[in-house]
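Next up: just one chain, as structure tokens, the form predicted alone.
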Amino acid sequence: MKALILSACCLLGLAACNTSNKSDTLLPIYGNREAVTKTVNGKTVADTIYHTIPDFETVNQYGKKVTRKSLDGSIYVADFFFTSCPSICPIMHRNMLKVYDEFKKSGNVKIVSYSIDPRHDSVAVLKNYADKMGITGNNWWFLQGDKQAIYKLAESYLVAVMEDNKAPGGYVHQGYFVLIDKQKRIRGSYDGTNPEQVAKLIEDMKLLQTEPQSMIAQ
């Protein structure tokens, strides 16, 4: 557990040190970035490549394949959970319901919740979980996939997850809600167990919706 927290702090510290300070973006851009040069109209210009969420392959609660491409054209919020979680997950998803209710009529906003216990969290289990929460439609997907791939993907979101047979439910994970823009870049990270942080997330999502494409193109 201590190792998980230390790892998470390092990840978040790294992210904080590498946020974009560009004045033409409404929210910071988190993660590593790389300066590159390229030729445009015969001239050498500087450009920046930002950390982005890589491709992934999962299945949602309806049994439909969901990949990185499935989120094209949307801003979205991601979190990691498991349905039998006896600790922070119920709190997180009660708070995420506020996000869902706020944006469920928006065509360009999604929520994705990745299960870190895919062996137990089958499509049927995820569907039952969503039904009990009153989730319908395609605004909020509960996803399961290859376990190691999901754990590796969590690192891209700067979220720490791990198995721990001494922890309640057998897993330890952070309760962050991670805000991703249309370019698959991290634009914010919020404590999903903290109502004030979730309210800030909702404010930032509305702000991100107004960000012109000309400001955020890579």
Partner chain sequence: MKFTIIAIFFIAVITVVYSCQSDEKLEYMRYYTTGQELYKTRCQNCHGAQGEGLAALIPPLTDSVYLKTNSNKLACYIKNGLKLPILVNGKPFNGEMPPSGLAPVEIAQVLTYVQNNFGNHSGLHSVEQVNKELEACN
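Just so it is clear, the model here is predicted, and its values are computed rather than measured. Numbering follows the first chain given and starts at 1.
Below, we turn to the form predicted together with the partner chain, even though it does not appear here.
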{"item": "Stretch in contact in the predicted complex with the partner chain, which is absent here, among 144-152, 100-108, 125-133, 68-76 (heavy atoms within 4.5 Å)", "value": "125-133"}
{"item": "is_contact(G137, the partner chain) in the predicted complex, heavy atom dist at most 4.5 Å", "value": "no"}
{"item": "Partner contacts in the predicted complex for 77-105 (non-hydrogen atom within 4.5 angstroms of the partner chain)", "value": "P86, S87, P90, I91, H93, R94, L97"}
